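Below sits a lone chain in structure tokens, taken as the form predicted on its own.
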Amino acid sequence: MIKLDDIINFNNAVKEVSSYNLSDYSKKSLGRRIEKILSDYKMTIDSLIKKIKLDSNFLEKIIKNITVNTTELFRDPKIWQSVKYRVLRKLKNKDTINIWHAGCSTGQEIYSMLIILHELGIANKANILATDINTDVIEIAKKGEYIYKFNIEYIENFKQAIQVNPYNYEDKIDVSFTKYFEIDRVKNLMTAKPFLKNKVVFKKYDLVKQDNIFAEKFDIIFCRNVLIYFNAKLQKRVVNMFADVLSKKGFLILGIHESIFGAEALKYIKHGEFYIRR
């Protein structure tokens, strides 16, 4: 079992040979990731540290293995129902709606948002930025191509988020999944249609290391199931940075198991599943 000293030595080695800094990641979460890497590569912690010092390509591969990339279409459908009927209803009269997906992973969350924007007829108003530290998942998100059998169960999420109005169950909207995705059952692929993919600006961005680089204020920031992998110090820094780049009364949408505590919470109003910038 990996020890705290092993994690510290690993972090120090990464900082020594790169611009990455994993010191403020949750030690528990990082330890699990390192243990998996050691098992997958059949290495000891000492041989792992030695190799990342000598091989920059291997180091990049390890960083990508460490970053967590679990996502799905319309994850937690009730959240997306609220995005559709509560958040975007408040923003639909704006001339532009700036949206940032921080930690966008392989992109399913982005396409979930785009589908809702199209259903509300306001996609033309949206400027969408999607960022992640992992360039491999950014490339997957750009392609918008996913294994069909792995995602077929999420079509039910789509139905709940798009076809069901939780505030009026008689108001059921008949929208086909194939309006937004091409499905090739022979190749076992589902691909986002071009009018969705062409709407997004993708960028590599490290929430841990980089400060505010944005000229615009955002009306919505998604950062779901990312903060749980950071320690309290880093969570506070990132939440403060979000507050700096959110417009007044802008929405911050976190994962269902993530919350804002302490002095940082004073910058936000908790409203149901969302945080609103004061």
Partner chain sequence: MKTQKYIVIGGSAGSFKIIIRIIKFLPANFKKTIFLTLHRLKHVRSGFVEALSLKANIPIVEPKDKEIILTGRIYLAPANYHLYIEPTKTISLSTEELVNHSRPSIDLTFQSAAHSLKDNVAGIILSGANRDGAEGLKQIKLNGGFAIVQNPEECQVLTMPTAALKKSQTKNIYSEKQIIEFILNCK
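Since the structure is predicted, the reported quantities are computational estimates derived from the model, not experimental observations. Positions refer to the first chain, counted from 1.
Another form exists, predicted in complex with the partner chain; not displayed. Remarks below refer to it.
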**Prompt:** Every residue in Y146, E182 and N188 with a non-hydrogen atom within 4.5 Å of the partner chain in the predicted bound form?
**Reply:** no
**Request:** Would you point out which of 221-229, 236-244, 41-49, 54-62 contains residues with a non-hydrogen atom within 4.5 Å of the partner chain in the predicted bound form?
**Result:** 221-229
**Request:** Name the single residue among D136, D206, D76, E119 that comes within 4.5 Å of the partner chain in the predicted bound form, judging by heavy atoms.
**Result:** D76
**Request:** Indicate whether the partner chain has at least one heavy atom within 4.5 Å of a heavy atom of I269 in the predicted bound form.
**Result:** no
**Message:** So in the predicted bound form, is the partner chain close enough to I256 to count as touching (4.5 Å, heavy atoms)?
**Reply:** yes
**Asked** With the cut-off set at 4.5 Å between non-hydrogen atoms, does K217 touch the partner chain in the predicted bound form?
**Response** no
**Asked** Is there any non-hydrogen atom of D171 lying within 4.5 Å of the partner chain in the predicted bound form?
**Response** no
